[in-house]
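The chain below stands alone and is given in structure tokens; this is the form predicted alone.
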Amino acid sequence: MDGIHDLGGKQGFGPVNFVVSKEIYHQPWQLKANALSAALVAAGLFNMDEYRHAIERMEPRHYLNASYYERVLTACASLCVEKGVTSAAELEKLAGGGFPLARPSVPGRHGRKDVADFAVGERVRVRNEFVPGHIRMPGYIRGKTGVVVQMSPPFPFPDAAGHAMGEEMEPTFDVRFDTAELWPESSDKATVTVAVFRSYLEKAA
């Protein structure tokens, strides 16, 4: 989905602020939120793609203003409500006020069965698709052409796994793009390598 979370290659956000610190958690609730997400995944309540998609579904203004661990907590709470573990009313009662949750999801999709594996050195194009549900393809490579440099072991296909449609295993291909292909006249001469699921690719003409 083209959400506010997909910031790769976008301009106007200024430099990334990076603070060198040994502190991972700055407040006790942050540690609890992170532990909660790990415990719920381990218990099988949801998988990592469902978790990522819940964060993607946050209201854009909430997403931009939320800290990392607030996004973690929002995703966990949203999925617990959606899977019937608790209710929005119960969360608001415990919080003593409003408790923002992720927006509703849409149906996912299965991987393509008509795509063969690609060979190292082969030129490929990323499909120019706009997917309303969960997808693990950065928007800046959509419709772009690159070269396969490596094939990786299969992983669950995100578009299905993120919607509880089962874990369809599919390989990813490391595709190397020229920056001039990704951002014409707006980049230094370099390359960018992205792991791309097979269903997102097609042979370049």
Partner chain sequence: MNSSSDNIADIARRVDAVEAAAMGQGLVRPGHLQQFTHKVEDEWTPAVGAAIVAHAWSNPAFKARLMKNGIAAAAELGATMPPHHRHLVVLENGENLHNLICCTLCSCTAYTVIGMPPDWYKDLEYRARVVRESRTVLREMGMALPESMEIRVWDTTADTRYMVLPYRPPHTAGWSEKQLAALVSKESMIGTARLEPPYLQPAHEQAKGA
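The structure presented is a predicted model; accordingly, all values stated were derived computationally and were not measured. Positions refer to the first chain, counted from 1.
Missing here is the form predicted in complex with the partner chain; even so, the following discussion is about that form.
At a distance threshold of 4.5 angstroms between non-hydrogen atoms, V85 is in contact with the partner chain in the predicted bound form. In the predicted bound form, P138 approaches the partner chain with a heavy atom inside 4.5 Å. Although the partner is absent here, H5 lies within 4.5 Å of the partner chain in the predicted bound form, judged by heavy atoms.
The closest heavy atom approach of A95 to the partner chain in the predicted bound form falls within 4.5 Å. Residues P154, F155, P156, E167, M169, T172, D174, R176, T179, W183, S186 are the ones in 154-186 with at least one heavy atom within 4.5 Å of the partner chain in the predicted bound form, listed in sequence order.
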